[in-house]
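So this first bit is one chain, no partners, the form predicted alone, shown in structure tokens.
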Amino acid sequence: MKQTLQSLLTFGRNELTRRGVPDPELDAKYLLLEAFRTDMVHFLMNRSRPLPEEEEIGEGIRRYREMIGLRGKRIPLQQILGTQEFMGLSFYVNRHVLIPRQDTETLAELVLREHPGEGEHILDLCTGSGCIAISLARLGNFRRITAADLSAEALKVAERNREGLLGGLDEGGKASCQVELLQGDLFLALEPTEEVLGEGWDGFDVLVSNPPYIPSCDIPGLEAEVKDYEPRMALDGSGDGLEFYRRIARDGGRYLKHGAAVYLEIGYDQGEKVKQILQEHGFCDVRIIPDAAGHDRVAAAGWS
């Protein structure tokens, strides 16, 4: 009996179910569409038709079975496909960066909503794939965005996303905002400041960050896709998960203009602790903003 797209989907779903993969049918469907370079409309139209014995079809079957095998090992779907959508944009991802989450869109949307003007200079710490910095450059009206990360491999991913999502646009396509990528441990990436940012630079208008915030002891209990395949340095926030907030709050004032704004992604149970850290280091008007599910997600503050 000849195979059909439906029979392949059934095979993939059953295999992923056997391996304990969450949402096995949905993942099997995404992988099938990718393997055969088709879309849902054509899948629905052709799913029951016997597949012809052609080299291209055979290659699609082989590719699909290989991807099902990878997903069965709990390699994240986004790493297999090589993409993840964020703020309506398609970002390249691999094992060197944290996969962009919808939760983080709460931060990006808040910045865009509260800073609709032009001419501001943004600092994005722990940029990873560059999803926050590049989304703000593409969708906002900012003069310049400086994005930093300690990982050289992560910066290669961010550079690829910068070129893919900003490089081909002219000034009419929201590409006039310059995004520069720097390597270093938080603010150390900016030293010496005058050489990196130019003579006369007087501070950032906005600081954003999605830093590592998971307590070290909680990482072994995370889903296999996260703890085994996403970079630990993008997850591990030290013993209590708050180390990066302490460092950002302690050193951030040196790099911010008076009246600057700060937006930090936080864990669902970290709102009051991060608020206290920011207040202890002189930040004012601290707010804790929930995400779409109602969980604390962003700590926002001002610097005076």
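We number the residues from 1 along the sequence you see. Computed from a prediction, not measured in an experiment: that's the story for all the values here.
There is another form of this protein, the form predicted together with a small molecule, and it is not shown here; the text below is about that form.
Discussion item. In the predicted complex, does A234 come within 4.5 Å of the small molecule, counting heavy atoms only?
Written reply: Yes, A234 lies within 4.5 Å of the small molecule in the predicted complex.
Discussion item. Does any part of L190 reach within 4.5 Å of the small molecule in the predicted complex? Heavy atoms only, please.
Written reply: Because no heavy atom of L190 falls inside 4.5 Å of the small molecule in the predicted complex, the answer is no.
Worksheet item: Should P212 be classed as touching the small molecule in the predicted complex when contacts are defined as heavy atoms within 4.5 Å?
Response: So P212 counts as contacting the small molecule.
Discussion item. Please determine whether V226 contacts the small molecule in the predicted complex, using a 4.5 Å cut-off between heavy atoms.
Written reply: Yes.
Fill in: Interface residue in the predicted complex among R101, K73, K156, R95, criterion: non-hydrogen atom within 4.5 angstroms of the small molecule
The residue in contact is R101.
Fill in: Segment that reaches the small molecule in the predicted complex - one of 129 to 137, 142 to 150, 76 to 84, 226 to 234, heavy atoms within 4.5 Å
Residues of 226 to 234 come within 4.5 Å of the partner.
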